[in-house]
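The chain that follows stands alone, in the form predicted alone, written as structure tokens.
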């Protein structure tokens, strides 16, 4: 996964800091609300009802979570499929972010389902005519692919270092042999999983848009369009590199590392064309359907749409056309954050703001329990990212040649 001169290593950092303690409190708060949800049902912690069967957990935890985890397949396509090995240093962090992101997406679905104990049904009860089934089965398979792609990091961490305690020490050699066998097998087959991951991602990213096409007149015309699957896919691709930049700069600051600006600046330069392509389809669709007339109405929908396009696409697009922005960590981080926030707002708008069920008596606003669980999920994701970055070879540091285990997947793709 790396090119010569980079060595992914566990970082020697203390895990607990004041910020980490705050995140732990937020995570524990979410656990309390989750316990109430599973003991007493959705109604005990949410404002969901027959008119609004989904809300914050689907709009943010699932729909936005899937989009913001797109950095995994975009960097895999760039680094492995296109063989741009100069971007190798960001592939492992992006893979970790995607793996954790999709894990919490799956858990978000699990929490949101009323009869959560039937979560396994799609695995054996297939419905080829259902867009939701396609999303579900692709996410399940892609999550498995992400875990397989992460296995080389596990083998690299423990090969030659297996040291089980007590009576289990007799298994040290056996476990080490299994890890080496797994490592050799993955080196020959990893290219299959990398390509499968890219294909699966394009499928379910677009199918999320299909779900809202089916909603028909229940959605506001500013967002309802037959090309929603294309717009969802383009926005996911466009947010892939900004998400990598966003997490890389935050992780660098949190872990006291020097930002890899020589890589992030190049990723930033790729963002402008992708945002421009998305904006062209978005605006073109508006003029073809003549939905721009709804922007003259002073209501929540028109304001949210304007904020989404202006701050999430137009302003960062203009920023990314400047070399000064691309060379500045602070300005590049600002542009990436705006894109990430714009895609997050787009999913909230599509699944919550634009969706108005017929016969709805009152509007929906998430309960404190829903907000607490969502914030807690984010806190848990950050805590897990920090754990893996500290104790596993995720982050690449310059100065030493790459290890054999770190290189083999690129060779496997070729």
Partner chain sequence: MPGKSRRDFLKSSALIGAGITGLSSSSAKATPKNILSPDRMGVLVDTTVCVGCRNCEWACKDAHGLPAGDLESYENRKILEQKRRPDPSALTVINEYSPGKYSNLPVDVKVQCMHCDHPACVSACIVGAFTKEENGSVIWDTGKCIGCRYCMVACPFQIPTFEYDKAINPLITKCDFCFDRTKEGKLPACVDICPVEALTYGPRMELVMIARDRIRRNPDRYINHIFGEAEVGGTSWLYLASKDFNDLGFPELGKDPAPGVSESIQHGIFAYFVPPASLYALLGGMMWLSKRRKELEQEEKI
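Residue numbers count along the first chain shown, from 1. Owing to the predicted nature of the structure, the values given are computational and were not obtained by experimental measurement.
There is another form of this protein, the form predicted in complex with the partner chain, and it is not shown here; the text below is about that form.
Subject >> the partner chain: the contacting residue among 300, 169, 127, 306 in the predicted complex [heavy atom, 4.5 Å] >> reply: Selected residue: 127.
**OP:** Using heavy atoms only and a 4.5 Å cut-off, determine which of 247, 112, 149, 260 is in contact with the partner chain in the predicted complex.
**Re:** Checking each option against the partner chain in the predicted complex, the one that comes within 4.5 Å is 112.
Original post:
Has each of 81, 85 and 131 got a heavy atom lying within 4.5 angstroms of the partner chain in the predicted complex?
Top reply: Checked in the predicted complex: all three residues contact the partner chain.
**OP:** Name the stretch, out of 174 to 182, 330 to 338, 114 to 122, 248 to 256, where some heavy atom lies within 4.5 Å of the partner chain in the predicted complex.
**Re:** In short, 114 to 122.
**OP:** Give a yes/no on whether residue 49 approaches the partner chain to within 4.5 Å in the predicted complex, heavy atoms considered.
**Re:** So residue 49 counts as contacting the partner chain.
Subject >> 4.5 Å heavy atom contact, residue 68 to the partner chain in the predicted complex >> reply: Residue-level check for residue 68: no, no contact with the partner chain.
Subject >> Partner proximity in the predicted complex: residue 64 to the partner chain, non-hydrogen atom cutoff 4.5 Å >> reply: No, residue 64 is distant from the partner.
**OP:** Although the partner chain is absent from this view, report whether residue 229 comes within 4.5 Å of it in the predicted complex, heavy atoms only.
**Re:** Judged by the heavy-atom cut-off of 4.5 Å, residue 229 is in contact with the partner chain in the predicted complex.
Subject >> Residues in 198 to 217 with any heavy atom within 4.5 Å of the partner chain in the predicted complex >> reply: Result: 198, 199, 202, 203, 206, 207, 210, 211, 212, 213, 214, 215.
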